[in-house]
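The chain that follows stands alone, in the form predicted alone, written as structure tokens.
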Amino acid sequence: MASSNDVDVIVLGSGAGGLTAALAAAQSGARVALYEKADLLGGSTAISGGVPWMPLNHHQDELGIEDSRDEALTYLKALSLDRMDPAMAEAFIDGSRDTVKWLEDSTDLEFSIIPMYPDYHPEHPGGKPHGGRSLDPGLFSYDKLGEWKTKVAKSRRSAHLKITDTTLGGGTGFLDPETQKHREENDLRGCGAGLVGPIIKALLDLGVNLNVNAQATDLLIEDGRVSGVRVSVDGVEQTVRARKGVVLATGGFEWNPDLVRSFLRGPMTSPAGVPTNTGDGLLMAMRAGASLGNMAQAWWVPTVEIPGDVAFGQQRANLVNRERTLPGSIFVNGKGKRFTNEASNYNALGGAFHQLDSTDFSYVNLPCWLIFDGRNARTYGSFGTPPGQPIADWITRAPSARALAEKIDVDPDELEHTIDRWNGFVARGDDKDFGRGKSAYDRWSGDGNYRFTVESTLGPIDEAPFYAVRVHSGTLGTSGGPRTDTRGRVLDTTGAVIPGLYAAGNVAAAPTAMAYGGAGGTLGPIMVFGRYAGTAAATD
């Protein structure tokens, strides 16, 4: 006899992948239950920039931006190092346009193109130096969620910001007092909160059963088919059966040290996702016999850990996006040497932290320090300090580069030489070592007053005091897990479909593998495949 808990489709996880899958399944006529391990909905998506990267979206048509299937596929292939399954990339590109339109038709989402936001590698074939593929989800009033408004993860710093207000989107990270007051009074949230809020409202309107404090512990497998889950809801163990399918959308494994050591290609000590991303879905899929893919990869990002800054009970990993791209700043390693283009996109920077010294068997560019000078600090502020205000006490400082080197234990002669060499490049307007400022993306992210010129990111380091901040190798989330087909169905080690099991999001092998096309290069594929997985689970 069927239990009252039985449903058609079970979705595990409430980030972009899980929410989109639940919406697609419910719209396909399925009775859906969603279970979220944390006490708040939204996963890492809710505290992210909330931007999906969607080639061929219909908003490009409205602005006369040209794009094509061939351009998008050529671009992703150029970034993939031949690690990407062409069929998966095609499924993503072919589903982007319809997914954007479907989300706008099905929810209160109103996407808009982030003006002139370049792809992350715009000089590669098929790249877009003037943007068009990264979408802003806009603002959403959480008053529309009623009692559920307090049950969604909230970023303390960016909850009321649109992506264009943030440092990632080219803003300062601050609002004028009148705008801040208006958004707070109406609980208007943007970025990741602006993305997940409208979908949660749509799910509530459709009668989807949403559960928090609900950790799935294992899959039920009967007669070779996944038929449900064992889940602990508020500490009470129960069995829930799914007549049609189970969608894994539990996020990555970046907070599971054993899995990180076992799988990731290089050091990762500072995860920026929510701490509930401990690989639960990955482990369940492995026990079910799933084939794995892309396991060495993650969505890399440099981070800074501010003393006493806590989120979700853990040390917060603050993304280093604006500070490293501004004039008057560089990265140096433990020897005091520059080692990369600091203004390149955060995911690509991960590779610089993974360089191994074959002689002493250490990672050459860790530790890493962000170095900046007094002019930079006064003009731009730093890590939450507004321009013109005193830099926070936790940041190391000294009256000279040599004295700063001694404080952070790097070679003083080498640091002085590095800064002198950098200043020479700045004077000539050409970074001969790493090409900083050559890409349209480099020239987007720095000083907005000089956007699209090299002055936006090239500036001397020559005014005391001099500052240093320790930078860590972090990740927005891992990107490896069970392989799926182009419908989001999980595959076993022979390549056959595991009946009743689906996956989307960072729990699964990323459809674009290591390719990260632009802002939202994670969320775009996640939402397209979330839709695929939810639809397939409801209709197979």
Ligand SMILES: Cc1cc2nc3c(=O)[nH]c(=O)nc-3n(C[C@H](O)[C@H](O)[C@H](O)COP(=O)(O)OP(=O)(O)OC[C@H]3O[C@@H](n4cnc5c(N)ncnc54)[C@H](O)[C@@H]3O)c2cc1C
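Model, not experiment: these values are computed from the prediction. Residue positions are given as counts along the sequence shown, with the first one as 1.
Just so it is clear, the following notes concern the form predicted in complex with the ligand, a form of the same protein that is not shown.
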item: Selected contact from Ala377, Val469, Val100, Ala216, since only one has a non-hydrogen atom within 4.5 angstroms of the ligand in the model of the complex; value: Ala216
item: Position in contact with the ligand when the complex is considered in the model of the complex, options Ala193, Ile93, Val274, Ala343, heavy atoms within 4.5 Å; value: Val274
item: Leu168: touches the ligand in the model of the complex, heavy atom cutoff 4.5 angstroms; value: yes
item: Non-hydrogen atom contact Ala30 with the ligand in the model of the complex at 4.5 angstroms; value: no
item: 4.5 Å heavy atom contact, Gly197 and the ligand in the model of the complex; value: no
item: Partner proximity in the model of the complex: Gly520 to the ligand, non-hydrogen atom cutoff 4.5 Å; value: yes
item: Heavy atom of each of Gly13, Gly17 and Ser44 within 4.5 Å of the ligand in the model of the complex; value: yes
item: Option from 45-53, 64-72, 485-493, 22-30 whose residues, in the model of the complex, bring a heavy atom within 4.5 Å of the ligand; value: 45-53
item: Those residues of 235-259 which, in the model of the complex, come within 4.5 Å of the ligand by heavy atom; value: Ala249, Thr250, Gly251
